[in-house]
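Here we start with a single chain on its own, the form predicted on its own, put down as structure tokens.
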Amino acid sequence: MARTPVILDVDTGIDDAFALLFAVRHPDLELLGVTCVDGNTNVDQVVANTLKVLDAAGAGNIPVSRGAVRPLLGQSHYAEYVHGADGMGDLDGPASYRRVDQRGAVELLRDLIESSATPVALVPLAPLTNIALFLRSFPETAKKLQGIVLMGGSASAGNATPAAEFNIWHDPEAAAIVFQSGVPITMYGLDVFMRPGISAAEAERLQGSSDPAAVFAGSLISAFIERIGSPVTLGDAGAVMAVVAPELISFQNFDVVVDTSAGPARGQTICDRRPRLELEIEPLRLADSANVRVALDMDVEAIRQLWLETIDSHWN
């Protein structure tokens, strides 16, 4: 079976690292490239973290490019209180010798999508600044995408604010552009994001593996558990798993709009969850909405095992 070509857009990030490791190692995925964006931490640190993760994964010559340094409007809001001063658990480790691609993120996205023999799944795991700029710069190329499977948003509550999830809240204007682009969108958001976790015992087992990628993942997880005192969610990795194993996740389609107002709901992904009958008789529909496939439930244990077995070739 042909592998699915994917491009990841990241703000690496501990859970971005889990996603990158999975994308490199899963046999049904072909990671064409990685674009980096300001989000969990500044974009230069994101690039450095991404290169380290690709080293740990044993990745080949995968192009990595630097993207937007700030949101389309407003200022950056980093999540170092969660991810550490370096954005990746302050794990340190040697710098990578990999070279950063000289093309900017938008140009790399264009080139990789245009040159792919089959449609690409674009998987943003970060604020959507790079993706919005790409969609506005090269709309004809965007039509060649298989779709966008993004980690972001929520059909319920937020985390950065009571209403908004961090990636969408960080750059709501970019998110609105992406949602209204006409490209098929799957939203893997907070409704499922926290559910698949890895325990301290499993992290210790990973650290004892003979597989370097597993050891790296286990060290990340252990460091994070030490910081927060609870099991670590696989987070962003779930969006990549939604590409390769969608049967493990339950989806429902909703009309969705991103709130770009300056009020307390800024960054909220408003999902129209009214019953179908009400929608048929109610003339007031969400303006500027897109019909989005939203992840609402999952087979948690199957998702956990899929990640563990992919990261550690000796897990079973």
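In this text, residue numbers run from 1 along the sequence as written. Everything quoted here is computed from the prediction, not taken from an experiment.
Below: the form predicted together with a small molecule, not depicted.
Every residue of the trio N40, N159 and E165 has some heavy atom no more than 4.5 Å from the small molecule in the model of the complex.
None of M241, M151, L128, L109 but one reaches within 4.5 angstroms of the small molecule in the model of the complex through a heavy atom, and that residue is M151. Although the partner is absent here, F193 lies within 4.5 Å of the small molecule in the model of the complex, judged by heavy atoms. Remark: of stretches 165 to 173, 210 to 218, 97 to 105, 223 to 231, the one touching the small molecule in the model of the complex is 165 to 173 (heavy atom within 4.5 Å).
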